[in-house]
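A single chain comes next, written as structure tokens; it is the form predicted alone.
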Amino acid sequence: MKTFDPVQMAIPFFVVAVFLEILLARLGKTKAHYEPRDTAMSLTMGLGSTIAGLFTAGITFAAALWVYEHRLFTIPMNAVWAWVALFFAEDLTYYWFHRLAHERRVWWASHVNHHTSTHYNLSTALRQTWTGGIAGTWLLWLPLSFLGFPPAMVAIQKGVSLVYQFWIHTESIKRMPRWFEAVFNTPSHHRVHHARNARYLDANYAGILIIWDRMFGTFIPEVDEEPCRYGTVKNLGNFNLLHNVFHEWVGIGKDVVAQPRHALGYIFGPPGWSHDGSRDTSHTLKAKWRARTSAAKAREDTAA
């Protein structure tokens, strides 16, 4: 079977869709907020991610081939059932990669740049990592080749997943039909994922299927009474390209140098972890939000 790269094939569509969303927003036909410098940052980071990926593509594919040579089974690439099985297996793998990329600082450092935009539009989807290959995020997909899925097959399905996720980066679509929202990742679900509101932190890690979040307890619905605010807990406040890409790596380095005894915690702990508890993690931020919400409700009940 001839292999292809779904992402490369979809790039012209990505560009056209971004400009179409901008045009429709200007005409008042849809809800979309674009800031020229922010959009330029997203497009540049997307291009840089493609270039950066070339430097580690050989290593990652060679590793997948080596693992495949020691596979448990031989799964045919031209069988329909194999593609169906891979669809679910790869999507579950993506869920855990994405979850770990938010829960472990070393992987968050490579993923955070996808969340630095304070706007949420189709161009945000193109704001991709430059350092994922170096961080080793690709390691989680190796078990698929060990099971017997050909590396080229896995690469294609990963591309299909990324292409799917492009369209969910929009405020133009409020809700999909209920059955679709129940099974698939949608703009509504992914807006929650990109939100920095304490209510919405650490949720909706899905690639294509939202069922994984529902199964593993990380699903949070978007509620109309609390609109999503985008970006990171502490927004960068600038459009410096290198700062956007590398700021969390620099932060890890500074923390390790300042507290070498606690290096493992600063590298592998959750983002925001500190040895003395002086910083907030998403867990503590959500706990504070729950406490405030409970206190407010208690006051309302008392007043009533």
Partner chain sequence: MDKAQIIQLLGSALAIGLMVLLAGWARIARPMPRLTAQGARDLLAVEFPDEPVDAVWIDGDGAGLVARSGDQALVLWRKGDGYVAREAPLSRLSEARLVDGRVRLKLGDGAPRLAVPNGVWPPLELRA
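Numbering follows the first chain given and starts at 1. Only a predicted model underlies this, so the values are computations on that prediction, with no experimental measurement involved.
Note that the form predicted together with its partner chain isn't included here; everything after this is about it.
Q: Would you mind picking out the stretch of 269 to 277, 63 to 71, 41 to 49, 256 to 264 that comes within 4.5 angstroms of its partner chain in the predicted bound form, counting non-hydrogen atoms?
A: Result of the contact check: 41 to 49.
Q: Applying a 4.5 Å heavy atom distance criterion, does R196 contact its partner chain in the predicted bound form?
A: Flag for R196 set to yes.
Q: How about R178: is it within 4.5 Å of its partner chain in the predicted bound form, going by heavy atoms?
A: R178: no contact with its partner chain in the predicted bound form.
Q: Give a yes/no on whether L54 approaches its partner chain to within 4.5 Å in the predicted bound form, heavy atoms considered.
A: Yes, L54 lies within 4.5 Å of its partner chain in the predicted bound form.
Q: Taking the shortest heavy atom distance, is V245 within 4.5 Å of its partner chain in the predicted bound form?
A: Although its partner chain is absent here, V245 would stay clear of it in the predicted bound form, with no heavy atoms inside 4.5 Å.
Q: Can you work out which of Y230, F97, W108, Y200 has a heavy atom no more than 4.5 Å from its partner chain in the predicted bound form?
A: Of Y230, F97, W108, Y200, the residue with a heavy atom within 4.5 Å of its partner chain in the predicted bound form is Y230.
Q: Pull the contact list for 214 to 244: residues with a heavy atom within 4.5 Å of its partner chain in the predicted bound form, in sequence order.
A: If the 4.5 Å heavy-atom criterion is applied to its partner chain in the predicted bound form, 214 to 244 yields R229, Y230, K234, N235, L236, G237, N238, F239, H243.
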